[in-house]
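Subsequent text provides structure tokens for two forms of one protein chain, presented individually as structure 1 and structure 2.
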Structure 1
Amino acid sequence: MAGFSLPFRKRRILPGFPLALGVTLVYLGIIVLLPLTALVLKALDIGWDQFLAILTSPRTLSAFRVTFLCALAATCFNAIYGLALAWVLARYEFPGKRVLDALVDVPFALPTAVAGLALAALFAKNGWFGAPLDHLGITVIFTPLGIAAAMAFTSLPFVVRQVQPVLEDIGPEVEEAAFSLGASDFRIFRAVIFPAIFPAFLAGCSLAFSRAIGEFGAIIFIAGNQPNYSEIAALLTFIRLEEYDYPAAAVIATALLLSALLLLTVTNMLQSWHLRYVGRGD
């Protein structure tokens, strides 16, 4: 029996890998892939001519334009504010830090309808923010600006929670080393910090954008929902369902789905390219 040895089996905390993998794949197939496949098949069932006619109708195009422009504005705001907030939480110690850290997750936990009602009350013409803004000639409620505000509120945590742990892992000693070599603050951020957080920053922004284009509950209370002005694509899908126009609802929903998938695919490709670029730099 010399030389005979049992094959080494790596110990797992949770045994039963085949069972766990099978349950995971079944769940993914039934809960995620099957409904999405049914949606796409329903949209394609009407034929390409009608599909394109629904997708290119003036009201649908207007709804997509409002949705994507407001989502872009909200994502740009969250990219700047979310990065600054993640930096403050990762780099500084101050009274109330734990409370501020917990408040970041409020949009995750808060029902979107409650968020919409709160924002509508806040930005109403007699609200805390709406009244002074109205004196300045700025109207938020029932305008695309209100839609962007609701999108920014609900998607902010994606940027903060993606960037904050990466900043905490970098550590301030890296900045101190660069500073000791004579680099300016801006150059340290541009050449040292930002390349390190770029994949997480990009992922956070893409997730925030995807969440914004699919947001519904927080927007309908503040948007006014006027066709060709403040009507978003998700609301138009809901309106088509109420009209029992299921093919039109499926077409609009499929377009939103494909937009989100395309964005996530491009984001993953950019992240992979960045990691290879950084690897060659190392």
Structure 2
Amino acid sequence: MAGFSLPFRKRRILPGFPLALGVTLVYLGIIVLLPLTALVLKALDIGWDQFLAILTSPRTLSAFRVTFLCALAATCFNAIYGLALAWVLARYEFPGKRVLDALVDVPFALPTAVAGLALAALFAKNGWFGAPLDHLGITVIFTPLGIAAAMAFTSLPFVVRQVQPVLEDIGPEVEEAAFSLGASDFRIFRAVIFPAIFPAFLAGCSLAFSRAIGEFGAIIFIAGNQPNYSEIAALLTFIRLEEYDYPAAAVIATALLLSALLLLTVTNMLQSWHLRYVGRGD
């Protein structure tokens, strides 16, 4: 405990600290920490050599490669489209804007299995998107492209919701000043606006990437799930469980957990960087 410093004492007049903290710690302990600890212990239990052997087996490596590459592609797409969406919502007034704003939340509100079902139907060979794409010689369903599409759909709102409020905050003064100096639209965007939204933009991309890596429900409907081709790491974990290969499941899940925690740390750092950036302007 922090001891009896003055602010601590002053705040202590409010009741309920032991109860609130106790409930919080017990709940988090039982629901979150205990299972994650059990998972890591299981993975460590196997021994380092075995751990590495599972992680570097061709099928595991391929699953992680597919997962990370598709997540990267999906995040790149979301970076561009999400930025455009945030821009439109923050800067323009037009009829139907509220509807567009609400639609951004569809990927969060729609259960992933439903999203997967819908995307599989859209990209099927005779589907709304699948048929014209097939004509162009592009197959999305049952290929890594389908995985990237599902990842892009489910993680779309992150970039929008991170960037939108920051864009809304930028006042017209800076831009007017830049205009009066004769700068072009593109130059002002690059030199004035983009630097201001950059931390929030990166935080959004990092959240989207993290979500894409962990996505499962939306992907399995559209991926075809062929080993060494369109099989993602989360699914391989699931398959190893169904084969009763618990050590392998524990190792792959632990690797996924570590990458998620790493991304969480990066995102938190980006967000505090952004808050400092905003604070300096005040």
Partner chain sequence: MEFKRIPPHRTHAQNRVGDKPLTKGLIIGGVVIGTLFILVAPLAIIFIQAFSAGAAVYAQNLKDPATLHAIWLTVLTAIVVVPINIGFGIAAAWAVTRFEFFGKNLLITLIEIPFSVSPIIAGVAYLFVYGAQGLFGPTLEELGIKIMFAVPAIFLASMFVTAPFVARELIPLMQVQGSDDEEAALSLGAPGWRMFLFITLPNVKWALLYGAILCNARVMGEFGAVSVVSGNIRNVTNTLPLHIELLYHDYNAVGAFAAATVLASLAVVTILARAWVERYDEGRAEVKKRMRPGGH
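Here the rigid core means the biggest group of C-alpha atoms that line up within 1.5 Å when the two forms are laid on top of each other. Every value quoted in this text rests on a predicted model; they were computed, and no experiment measured them. Residue indices: 1-based, along structure 1.
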### Query
Looking at both copies of this chain, which one is the form predicted on its own?
1
### Message
Could you check, with the core superposed, whether the Cα atom of P132 shifts 2 Å or more between structures 1 and 2?
### Response
no
### Message
After superposing the rigid core, is the C-alpha displacement of E173 2 Å or more between structures 1 and 2?
### Response
yes
### After superposing on the core, C-alpha shift for G22 between structures 1 and 2 in angstrom
5.3
